[in-house]
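First, one chain by itself: the form predicted alone, in structure tokens.
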């Protein structure tokens, strides 16, 4: 009983040309394209979106193949090479050589003081930050989708109470509460006087950021659900005796899939940057785990002696966040039938 996706013939230039006889000898084939084919055609015409898609895919592949890529250089992100080889660092702990000690062995140089390999730390750091950011995005998106659609469909007291609770959370300064509550959640799992395992630290970061990150998605989907619940196919489902759960999952959510996808693509870069910020401030990941935020923290303390070290994590995070944000905009434009390019 799910309604079909909105017809985009009037807003797609290719389809308009076909319908008027200006698009070739086979207008019927073009007019018969599926919504997915129409969206793909619109996306391909957005050159910025296509370039950003390749950049995003490259980052994802680097994260997945981090051990293989670091193995090509032959270095490990966990070994302090500067402490093992006295020829790599001077008496002040500064890398010997130009640009942080770049050479054929250490492609991006080594870190001051300890001499960790920057290239391998960067590659593994992409995996850590992107992986945690993806977990946060998945959990917060699921919470936002379920709560928002339920609010819009059920309405009444449930909508009022959840709406006031989300208003309260939206009024909180997110970054400040990330910093304040992450150690609290960590202490719930591991006492303060014991070392915290990496998986527990990841879990705490995901819990805190997902708990404070679902409200925007929920509000957007609530408003759309309020509109959709008055449609004829929803009324028909009610008359047929469908349960609220079935109507939400089988009728409302499929018609909100486009909005959900766009929200995920826009939320992920924000969560990756937030995770890096927590590590930079000392309440996220800790050494020796490679992480974008930890590299920033270490590089800022040593920028006067080695500015090159600061450039690598800075450029990587900037390129990723900008590319993913533009990719999300391109996906939104391709899936929105009212957008004209």
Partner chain sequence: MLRFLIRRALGALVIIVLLIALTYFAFFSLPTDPARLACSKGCTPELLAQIRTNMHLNLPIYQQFWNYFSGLFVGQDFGTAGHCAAPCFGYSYNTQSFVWDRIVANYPATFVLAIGGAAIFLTVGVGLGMIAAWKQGKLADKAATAIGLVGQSTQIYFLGPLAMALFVVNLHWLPQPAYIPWTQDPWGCFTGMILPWTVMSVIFWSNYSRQVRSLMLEQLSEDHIRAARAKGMSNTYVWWRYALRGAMAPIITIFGLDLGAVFSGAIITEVTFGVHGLGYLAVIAVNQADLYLELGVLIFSSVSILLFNIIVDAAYGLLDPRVRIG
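Small disclaimer: the values here were computed from a predicted structure and weren't measured. Residue numbers count along the first chain shown, from 1.
Keep in mind that the form predicted together with the partner chain is missing from the display, and what follows is about it.
*Asks:* The partner chain isn't shown here, but in the predicted complex, which of 107-115, 69-77, 172-180, 225-233 has heavy atoms within 4.5 Å of it?
*Replies:* Comparing against the partner chain in the predicted complex, the contact stretch is 172-180.
*Asks:* Honest question, do 153, 155 and 259 all end up within 4.5 Å of the partner chain in the predicted complex by heavy atom distance?
*Replies:* No, none of 153, 155 and 259 comes within 4.5 Å of the partner chain in the predicted complex.
*Asks:* Looking at the partner-bound form in the predicted complex, is residue 58 within 4.5 Å of the partner chain by any heavy atom?
*Replies:* No - in the predicted complex, heavy atoms of residue 58 and the partner chain never come within 4.5 Å of each other.
*Asks:* Whether residue 243 contacts the partner chain in the predicted complex should be assessed with a 4.5 Å heavy atom distance threshold; does it?
*Replies:* Residue 243: no, not in contact with the partner chain in the predicted complex.
*Asks:* Would residue 317 count as a contact of the partner chain in the predicted complex, using a 4.5 angstroms cut-off between non-hydrogen atoms?
*Replies:* Contact with the partner chain, yes.
*Asks:* May I ask you to check whether residue 168 falls inside a 4.5 Å heavy atom distance of the partner chain in the predicted complex?
*Replies:* Yes, contact at 4.5 Å.
*Asks:* Could you list the residues in 296-320 that come within 4.5 Å of the partner chain in the predicted complex, counting only heavy atoms and keeping sequence order?
*Replies:* If the 4.5 Å heavy-atom criterion is applied to the partner chain in the predicted complex, 296-320 yields 296, 300, 303, 304, 307, 310, 311, 314, 315, 317, 318.
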